[in-house]
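One chain comes next, on its own, written as structure tokens: the form predicted alone.
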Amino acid sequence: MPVTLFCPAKLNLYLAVTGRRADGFHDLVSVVAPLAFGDELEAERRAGGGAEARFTLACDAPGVPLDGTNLVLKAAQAFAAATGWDGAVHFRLQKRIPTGAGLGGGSSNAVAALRALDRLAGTALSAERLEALAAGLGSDCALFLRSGPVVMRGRGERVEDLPASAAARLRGRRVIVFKPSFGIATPWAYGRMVTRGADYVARDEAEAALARWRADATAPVAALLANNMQPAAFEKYVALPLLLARLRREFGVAALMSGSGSACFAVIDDPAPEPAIVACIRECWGEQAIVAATALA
């Protein structure tokens, strides 16, 4: 029987990029929460092997690469190399998470592929082995092995669960996620931070700000929100800050860009104005904008 898994999108509720590393990556401190919104990946064993590609992929969204550049197929190859499993699998991806958005869609798909293969192969890999495989695929892959809000450090490969009391303040919170018709390439965003040079946050300062929010049981979600990748993105893509400012002004919501963008989100305390907020987003960004009213998982 095929294995079907949900691939959640993620939001960076708190993102402090603290500096560039010697290996070219960046160090960061980030609070990340999965969403109830995402893709769906089905994996089915099939006959194959030899000269025929062992792992194949179909997707319902145009423009998604179906070759070895896709993280689903990269994950499959990594799994086979690590375990020695010689089976063949066809993947079917229902794509809802937009690309170039900072929502982690490709990484979430990759981790779902690892989990699906682990079930199909009967290998029952330990959490540690799965996490090592995930970290090798991408900086933000490992977080999708957790089931709730996490803190990421290093280049994103060091992941720990947010303490239960702090996580409870996030789980179930309503959010509206919205992405304009354009995306932002992550390498460009980090490269622009390097060029600007003044956007980094000191590690001690980043950790202290997070510690203060965690320690204050009365601190709202809005008090956590921060993203020092915004200035570089906002300098070029002015549609982002203009809309976020309007949402704050007209609806009193906390709003932020997620990750390297271009997707943004608003935290909703009262669901009543959700239709008006969605209408405002579409008025500003047009019908091409992707808008999803959902919740933190």
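All residue numbers refer to positions in the sequence shown, first residue = 1. This structure is a prediction, so every number in the text was calculated from the model and none was measured.
There is another form of this protein, the form predicted in complex with a small molecule, and it is not shown here; the text below is about that form.
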Residue stretch of 96-104, 187-195, 115-123, 158-166 approaching the small molecule in the predicted bound form, non-hydrogen atom distance within 4.5 Å: 187-195
Although the small molecule is absent from this view, report whether Gly286 comes within 4.5 Å of it in the predicted bound form, heavy atoms only. no
Hey, in the predicted bound form, is Arg54 touching the small molecule, heavy atoms inside 4.5 Å? no
Would Pro275 count as a contact of the small molecule in the predicted bound form, using a 4.5 angstroms cut-off between non-hydrogen atoms? no
Hey, in the predicted bound form, is Leu28 touching the small molecule, heavy atoms inside 4.5 Å? yes
Find the only residue in Gln77, Thr83, Ser181, Ser139 having a heavy atom within 4.5 Å of the small molecule in the predicted bound form. Ser139
